[in-house]
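A single chain, nothing else alongside it, follows as structure tokens in the form predicted alone.
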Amino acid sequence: MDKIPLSRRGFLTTSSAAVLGAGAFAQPDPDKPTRVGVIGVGGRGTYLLNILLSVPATSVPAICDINEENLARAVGVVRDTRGNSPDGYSRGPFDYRRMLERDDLDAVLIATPIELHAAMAVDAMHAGKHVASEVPGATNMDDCHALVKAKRKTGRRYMLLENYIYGYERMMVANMCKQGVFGETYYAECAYIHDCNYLRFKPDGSLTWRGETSRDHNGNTYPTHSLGPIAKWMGINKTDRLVSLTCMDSKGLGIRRYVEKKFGPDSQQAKTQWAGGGMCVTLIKTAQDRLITVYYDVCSPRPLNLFLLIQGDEGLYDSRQGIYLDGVSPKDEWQKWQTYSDKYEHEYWKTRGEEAKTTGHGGGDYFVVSDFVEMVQQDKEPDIDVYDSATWSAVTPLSQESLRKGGSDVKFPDFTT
């Protein structure tokens, strides 16, 4: 793919269609119910099920989970909310395929452990079902390509449930980027820094799937929360694309210290060799010669930090500081982002902000589920599509490849071609 021309008029015109929610605004039609099967109803899946049931235009005829307790709880949620008891599927790890054979499902929502997302999504599309997948969409390059191939072959719709894009402040910044407030953007930073050590162990001390991930894999294994908003602001896969990355990481002292304190220095857990566990920093170049820095650390003892920065030649937004616009803001002084909220508030928040506030991730959980239902009802491509899912998820295997090569530069496939 050749570099896209960087003239201001051309860039601002083409990028306006690349920002989340830039198209016509529509809410799900309650008179056109969407029939959704849910695969995976642990804590996160049950939470999403409740939000799905809060959208009037939905029904849930079937639920799959190999954990009988989880399944019974989720069936009870539907029964208490809607009055019907959905059919349950729990015969084993592949029983979801039996559920996919039903002809009364328009789509499925997948909220299983991350290593299962891609295979289940591919199976669902081949079964004629639209897909909503929790993040990340895939954990290896083969699965990234498989998602794209399945979508193209079947013609089904696929949406990645990346809720961090939809927060009030982030959608306001999306509007500002769309309207060229920061000028021509050329640099961005994003981070997912979140102490998740407590999620790595079951009560009996054995590893959860998150623990197994830290044990077996280095690199950025959870890239979409941080990269998703930046990618939308920069029009990635619309007016620009990711072309290469390089990755470096530190040793993982945080997770070792946590395990020794919790289980003892001589415990079996303390003898575990962790592939990941330190600060991981990834530098990404785009076709337009823009640069993105991605920070990832889920093992160090520090407060949650999910900062975002977008720099243009006329100003910038930094979630840690505020907004600075050259010639508009007081000289060398940050302005609070709220200064611009009335002018650039996103249409989603103007019309459905009160409903969104009742859900998690800054309201993002409401909007991401609602957009999924709208995608199925209108049979249209979502804002966060299969190409976004493959591209953002590819950061995981590519960062691991770069680390294996001593931080060498590695190339992104162009999933859109």
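When you see a residue number, it is the position in the sequence shown, counting from 1. None of the values given here were measured: they were computed from a predicted structure.
The same protein has a further form, the form predicted in complex with a small molecule, not shown here; the description that follows concerns it.
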Exactly one listed stretch (256-264, 331-339, 217-225, 149-157) reaches within 4.5 angstroms of the small molecule in the predicted bound form by non-hydrogen atoms, and it is 217-225
Just to confirm, residue 37 within 4.5 Å of the small molecule in the predicted bound form by heavy atoms? no
According to a 4.5 angstroms non-hydrogen atom cut-off, is residue 65 in contact with the small molecule in the predicted bound form? yes
Residue 182: heavy atom within 4.5 Å of the small molecule in the predicted bound form? no
Quick one: does residue 233 come within 4.5 Å of the small molecule in the predicted bound form, counting heavy atoms only? no
Proximity to the small molecule in the predicted bound form, single hit among 100, 310, 280, 111 (heavy atom within 4.5 Å): 111
So which of 205, 76, 301, 93 reaches within 4.5 angstroms of the small molecule in the predicted bound form, heavy atom to heavy atom? 93
